[in-house]
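Next comes just one chain, in structure tokens: the form predicted alone.
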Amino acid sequence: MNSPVADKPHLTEPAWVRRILIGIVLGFLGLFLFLPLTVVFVEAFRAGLGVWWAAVSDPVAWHAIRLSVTVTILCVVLNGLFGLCAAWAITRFRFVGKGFLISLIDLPFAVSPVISGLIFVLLFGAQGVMGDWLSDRDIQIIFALPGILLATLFVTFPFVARELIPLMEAQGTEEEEAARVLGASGWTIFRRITLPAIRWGLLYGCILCSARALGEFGAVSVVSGHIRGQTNTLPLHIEILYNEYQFAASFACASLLSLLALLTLVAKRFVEWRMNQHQSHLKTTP
């Protein structure tokens, strides 16, 4: 019979080893996470709440906030649809090149965001491959909302798909096949069986996507043109304020972006808890 200690190898480690490892983790988090966040909020409110509010309610800052939120919402919707389609195709069908498709989905993790932004400039810029065709039709992509959206979509599209693919593979197709045998349509199967089983994974991927989209800097910096009040997202606006030595305003806007990130973290933790609850329920259900 196995002893409880043998079933839990970490209990065999000396107490001093556990304390050192926990201390290293807490020290690392304190130095690279909690300390920078603390500095951001302290500097943001150092000059008073009035200065903070003036910075975040400035028309240029407000436009940057609206642009960031707009791009984030569009990315979540489009990447949610793409993630569903990609996960469905990969987990439910057999076809040549499936492994290559999965590798392509992971491509943004390997490519620098700056390089991805440069690629869009070379494709859709005035001197790019499609520049003349777009110019003849008075279509502007680079230095406009479409270019910012494309760049952000590129760096965020793996998140939903990579969350759903292993989840749908683990669930299998038995329930869907049983419903099909009983005469259910494809839409009914998706709505009544597939979607309820993956809804928390889908929401989790969308939260990760939104967090990445809100903070994206490199790709957007290349395609935006840094036009104040027109194509600057919130991260770009913060950089401009800091470079102009408007430290109070830059930290005020940075605190707003940090607050959005913290809210995203809370939502992510809640979804993780609900996912664990859902999986535990499935395991206990006969």
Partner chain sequence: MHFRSHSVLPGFGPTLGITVLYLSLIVLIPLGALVLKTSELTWTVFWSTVTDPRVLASYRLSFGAAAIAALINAVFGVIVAWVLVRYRFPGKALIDALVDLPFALPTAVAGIALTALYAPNGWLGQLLTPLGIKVAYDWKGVVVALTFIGLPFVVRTVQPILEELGKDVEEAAVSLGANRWQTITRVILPELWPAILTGFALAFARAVGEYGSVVFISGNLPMKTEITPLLIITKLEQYEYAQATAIAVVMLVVSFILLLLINLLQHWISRRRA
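Residue numbers count along the first chain shown, from 1. Model, not experiment: these values are computed from the prediction.
The form predicted together with the partner chain is left out here; the points below concern that form.
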> Can we say P36, L122 and Y242 each have a non-hydrogen atom within 4.5 Å of the partner chain in the predicted bound form?
Replying inline: yes
>> Which residue, L182, I115, I139, A170, is the contact with the partner chain in the predicted bound form, using a 4.5 Å heavy atom cutoff?
In response: I115
>> Although the partner isn't part of this model, could you tell me whether G186 comes within 4.5 Å of the partner chain in the predicted bound form, counting any heavy atom of the residue?
In response: yes
> Taking heavy atoms and a 4.5 Å cut-off, does T12 contact the partner chain in the predicted bound form?
Replying inline: yes
> in the predicted bound form, does T231 have a heavy atom within 4.5 Å of the partner chain?
Replying inline: no
> Is there a non-hydrogen atom of A144 within 4.5 angstroms of a non-hydrogen atom of the partner chain in the predicted bound form?
Replying inline: no
> Going by the partner chain in the predicted bound form, which residues of 67-102 come within 4.5 Å of it through any heavy atom?
Replying inline: L78, N79, F82, C85, A86, W88, A89, R92, F93, R94, F95, V96, L101
